[in-house]
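As structure tokens, one chain now follows by itself in the form predicted on its own.
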């Protein structure tokens, strides 16, 4: 087995453990590269069909290409798609910096979906290498009442044994891609020929390395117009993957405040 085979096998094991231990269960589909890999892995794990709902928490501010992709692949992949709206910005904590406050709409939208469907498990496509706060996560990460994450009180995870504590009002976030790196994601996309929103590929010297809302996401300078060219670019890049995310350039604690409150 090569590195990608090992990562794939571990992620499939995590997905099957989540399905065995946590019901009702749903998978977050942001339409980005990581969540598309996660859907792909879920289809592999369960004989070609995702056996639980796939949720998109919609801010109404995504790029048109992302909505077109959602329509096309929800049908092609036979997904049980759940859509959730987000509250207006006026209902969000005004003490947050502007971009983080905008992103926090998804926190409230996700909380509403979890409560509405009484979910015990939510599968999310975060990675440790992506952002320092996410590096503190567990593979099976408990969220307490009010969807809050107690970063200082997390269960140990030894020998692929994952705890799933449960009390009224709590749920478990499951992170099958936690050990993957950005370049692993792209190499897997190349190997498996996984479809992506074409905004990831350069047009006129610009491409998006990370996709979010239009008003808080910016492209990077790049001539990488194919998956192979993106991989070559990443092999020498020293720029953060989230360099184009406005909230990552705001207050240092803004992202952790969002994660503690239940952000994706």
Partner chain sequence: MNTAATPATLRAAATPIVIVGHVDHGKSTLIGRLLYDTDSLQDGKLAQIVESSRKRGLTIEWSFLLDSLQIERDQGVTVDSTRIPFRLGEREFVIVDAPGHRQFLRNMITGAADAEAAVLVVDAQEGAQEQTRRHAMLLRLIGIRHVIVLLNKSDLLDFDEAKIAQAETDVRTLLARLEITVEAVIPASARDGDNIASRSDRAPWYRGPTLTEALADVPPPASRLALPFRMPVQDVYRFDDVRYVAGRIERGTIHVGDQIAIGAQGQVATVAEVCRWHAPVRPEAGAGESIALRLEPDLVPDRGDLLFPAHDPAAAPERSARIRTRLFWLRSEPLHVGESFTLRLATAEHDVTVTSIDAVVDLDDLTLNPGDSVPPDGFAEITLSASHAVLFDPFSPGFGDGRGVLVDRYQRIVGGAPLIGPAALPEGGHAIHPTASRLDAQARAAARGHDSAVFWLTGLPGSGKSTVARQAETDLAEQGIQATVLDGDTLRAGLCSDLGFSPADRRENIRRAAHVARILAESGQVVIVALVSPLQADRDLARQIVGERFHEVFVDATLETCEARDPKGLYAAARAGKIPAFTGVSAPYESPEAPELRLPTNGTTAESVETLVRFVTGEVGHA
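Residue numbers count along the first chain shown, from 1. In this text the structure is predicted, and so the values were computed from the model without any measurement.
One more form of this protein should be noted, the form predicted together with its partner chain, which is absent from this view; the next part is about it.
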Listed residue (200, 69, 63, 40) with a non-hydrogen atom within 4.5 angstroms of its partner chain in the model of the complex
40
The listed residue (80, 192, 91, 85) that reaches within 4.5 Å of its partner chain in the model of the complex by any heavy atom is 192
41-49, 24-32, 210-218, 55-63: which one contacts its partner chain in the model of the complex at 4.5 Å, heavy atom to heavy atom?
41-49
Taking its partner chain as it sits in the model of the complex, is residue 116 near enough to touch it, meaning that at least one heavy atom pair lies within 4.5 angstroms?
no
Using a 4.5 Å heavy atom cut-off, state whether residue 73 contacts its partner chain in the model of the complex.
no
Counting only non-hydrogen atoms and a 4.5 angstroms cut-off, does residue 239 reach its partner chain in the model of the complex?
yes
Its partner chain contact in the model of the complex: residue 101, any heavy atom under 4.5 Å
no
Residue by residue through 133-153, which ones have a non-hydrogen atom no more than 4.5 angstroms from its partner chain in the model of the complex?
133, 135, 136, 138, 151, 152, 153
